[in-house]
Ligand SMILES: C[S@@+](CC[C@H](N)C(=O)[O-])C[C@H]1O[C@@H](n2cnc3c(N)ncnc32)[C@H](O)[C@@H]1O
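Let's start with one chain on its own, the form predicted alone, as structure tokens.
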């Protein structure tokens, strides 16, 4: 029996998503799509959980507004220019889904076009219709602030007071700022200048050198976390992470891996097992709301 699936993703990631589907799910075919909303079909029901999307699930099809007779549902406007009808907004606002429950998601594509899907609400979901960010916009040095904040929220990262974070490619300081706001100490490595609001923080230290030159002698104390949002191929970033793990023993990694070339999907397919070889028990990949052609890797020792 033919089964349809839906995906909500950021427009910048659509090409990566389609290539991922081609590689991981060769039995799946592209069906209907609009910017940010794509459906696929398979001849039989399959485990369908692509990485490069905010959320995916089983697609129940296209509905007229008069057919949306759900007692509980979240409602999401795929095009941010759209305004939800008041009755659907009220339905969404009063509906609460708990982790472990199956979400009914109504997706509004135009004033006259609605699609309905369902998915299991997992611990790393944001519990927001459409899996968009709950982080309020503010004046920050860079977009890395939001990516770090979203990773912190999605994975409930276990930061402890005044732990030491090594951030590779820290400038101009978006991620550093968020980490400092969590009462962490940050050692930022970058040849470029840091934003003044970060640089003046007493818990921030700037190593103005290429991260590739770091050696054991550069660290006078233990590093608890390694963070990276470097705009380099994942092969380059991971090579340096593996090198650093030769003499550092962080309890966690928070890496943003850039996928600017489709060939890098092969790296992503094996990265979990490679990271686990260094003793990390939990290794997760997640496409965050602020992502473009990139994905977050979270690794924890326990």
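Source: prediction; values computed, not measured. Numbering follows the first chain given and starts at 1.
The same protein also has a form predicted together with the ligand, omitted here; what follows describes it.
This chain appears without its partner; in the model of the complex, the one residue of 127, 92, 182, 142 with a heavy atom within 4.5 Å of the ligand is 142. This chain is displayed alone, yet in the model of the complex one of 192, 122, 136, 202 has a heavy atom within 4.5 Å of the ligand; that residue is 192. Under a 4.5 angstroms non-hydrogen atom cutoff, the ligand in the model of the complex lacks residue 197 among its neighbouring residues.
Taking the partner from elsewhere, residue 86 is found to have every heavy atom lying beyond 4.5 Å of the ligand in the model of the complex. Residue 211 belongs to the set of residues with a heavy atom inside 4.5 Å of the ligand in the model of the complex. A residue is said to contact a partner when one of its heavy atoms sits within 4.5 Å of a partner heavy atom; residue 229 meets this definition for the ligand in the model of the complex. Of the candidate stretches 217 to 225, 102 to 110, 183 to 191, 72 to 80, only 183 to 191 contains residues with a heavy atom within 4.5 Å of the ligand in the model of the complex.
Contacts with the ligand in the model of the complex, taken as any heavy atom within 4.5 Å, map within 150 to 173 to 167, 169, 170, 171, 172, 173.
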